[in-house]
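What follows is one chain in structure tokens, specifically the form predicted alone.
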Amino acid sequence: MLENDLHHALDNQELFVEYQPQINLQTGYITSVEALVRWRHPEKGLISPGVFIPIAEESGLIIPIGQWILETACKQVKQWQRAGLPSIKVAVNLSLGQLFQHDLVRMIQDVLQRTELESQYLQLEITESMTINIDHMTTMLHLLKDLGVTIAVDDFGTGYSSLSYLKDFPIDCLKIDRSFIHRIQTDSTDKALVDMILSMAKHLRLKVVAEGIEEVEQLSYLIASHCETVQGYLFSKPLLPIFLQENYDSIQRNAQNILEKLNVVEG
């Protein structure tokens, strides 16, 4: 039933995108946002992406939905730029189905041209579990990289793949999964894994984003460990675009106030 309803969700404008700010810990500035798709079902209300994204994958609907998310996000960032907001990057998740889409590179190129968004403001996110097909992924990611976009590995540390892909893939950023951050204060293993990821990223000259920051204690640990960028409810939940635009300055001021109290940025 959900699959059938999902077929009509795009046409009926039931899908929408929220954006969660990512905060640079040295400046307190919003440097980027992650685009997160939502589905408001006319009868069932909000349906979790964890429920409908796998359905979209299995049915092939992820191809048109993925393109719609990408175009919506790129268009939105360009609108923010025209409205006078600082130029920020938008991170968009790519699904496994999309990565095997034969015209993916052309599609992304066309979206960037149509929305007039410079490629440097688009980050494409893959998950670690996708890296198992190294030959295909290496070719595809290099073609995407040639467009001028950046590539991130989402949910890093939760997959079952060999780390050898880090030297084969043109990756710019690792995103530490929220499950590690959640237990960083109580689980010595999770703390060790976060330390290892941060150290490895530094040696490989990769940027790091830590997800799921909800408590000041988590933030303090990441600051002490020289993590660059974070996102999480401590700073902002995912927001509708107009709400983010109207509250951009206050979100940023709040982030800077939190960091000032931790003596990270100067007031």
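From a predicted model like this one, the values you see are computed outputs, not experimental measurements. We number the residues from 1 along the sequence you see.
Below, we turn to the form predicted together with a small molecule, even though it does not appear here.
- Of the residues K44, H226, R38, K202, just one reaches the small molecule in the model of the complex with a heavy atom at 4.5 Å or closer; this is R38.
- The partner is absent here, but in the model of the complex a heavy atom of I69, alone among L198, L61, I69, L206, sits within 4.5 Å of the small molecule.
- Annotated contact segment (heavy atom within 4.5 Å of the small molecule in the model of the complex): 148-156, selected among 190-198, 148-156, 103-111, 165-173.
- Though the partner is left out of this view, E125 does reach within 4.5 Å of the small molecule in the model of the complex, counting heavy atoms only.
- Looking at R178, you'd find a heavy atom of it within 4.5 angstroms of the small molecule in the model of the complex.
- Contact between L222 and the small molecule in the model of the complex is not found at the 4.5 Å heavy atom cutoff.
- Looking at Y233, you'd find a heavy atom of it within 4.5 angstroms of the small molecule in the model of the complex.
- With respect to the small molecule in the model of the complex, the three residues P49, N93 and P238 uniformly fall within 4.5 angstroms at the level of their nearest heavy atom.
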